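To begin, one chain is listed below as structure tokens, in the form predicted on its own.
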């Protein structure tokens, strides 16, 4: 169902940004980050603009290389990347105990790949919250194509100020999305507010692990590469996420870094030493092909100026993610289930 072709990649580059403004958007996005002189406080203060620019610039690349679900997954031997991603989404639905007819919120839903999979798996009604116009329009198109547009929809909004009343959802989840929040407590508090008492919130978070040393320059470089390549204001420690959940009023039922003990490393699809026909576009050869294709498309005017720069910082992200995974200082798979108490109200 994804827009897989080179022409679709080219026409989607820049999202809702006017094609003549893509290069200046890339330059502004880059300046938010450490590699270009930016700092954490500026990224947090301007997180909405930064994250919106990021997803306008990269969504077409993500869909071209990754499919409709923009996330990692722990993986078994002999299991394809696509199979592991679906299983990862089903696991989340099962941990939430989703039941047919429930009203569920997907916080930071991307173009809705997980939303569609989980809705079909659990027979629930899912609303995807997203602040990016391009991703919402793309998601609505895919909902129509897959036939879930009657039970699934999208709402444009900021997850720090959700456009929903209190106590309205039977379950809430986030898949590698709330890492974009400038403040975990503020984001989790909004999730707490819109969730019905006695119900659960589950998420996969991007985190630095306890092995991360903030005084180690190599560790800091890896963290900065992930931040610029993935539109992040900062990357929190796993413990900071748990503390923020408790401060927001949640009871943490359980939590675990699912990267630990995974038979196949989560970062394998991005490892340049790995080759796979099923996920060819993510391999070193596939990325080299994409890089040169984008260069050619930009040269002939089919892709906007600045497209190569986007490809460059995505490459930087891939390198940072692989090194962060190898050194076990970063995980995209910190999972938790947290419950809003029956008596809880804020």
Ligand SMILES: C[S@@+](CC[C@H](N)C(=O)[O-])C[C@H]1O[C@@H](n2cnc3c(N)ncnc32)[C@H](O)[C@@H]1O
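Owing to the predicted nature of the structure, the values given are computational and were not obtained by experimental measurement. Numbering follows the first chain given and starts at 1.
The next section is about a form of this same protein that is not shown, the form predicted together with the named molecule.
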Residue 57: heavy atom within 4.5 Å of the named molecule in the model of the complex?
-> no
Using heavy atoms and a 4.5 Å limit, would one call residue 71 a contact residue for the named molecule in the model of the complex?
-> yes
If you check in the model of the complex, is residue 303 within 4.5 Å of the named molecule, heavy atoms only?
-> no
Does the 4.5 Å heavy atom contact test between residue 269 and the named molecule in the model of the complex come out positive?
-> no
In the model of the complex, which of the listed residues (310, 321, 294, 51) lies with a heavy atom within 4.5 Å of the named molecule?
-> 51
Contacting member of 177, 241, 191, 118, with respect to the named molecule in the model of the complex [4.5 Å, heavy atom] | 177
Thinking of the named molecule in the model of the complex, which stretch from 214 to 222, 107 to 115, 245 to 253, 191 to 199 has heavy atoms inside 4.5 Å of it?
-> 107 to 115
Which of the residues spanning 129 to 154 lie within 4.5 Å of the named molecule in the model of the complex, based on heavy atoms?
-> 129, 130, 131, 132, 135
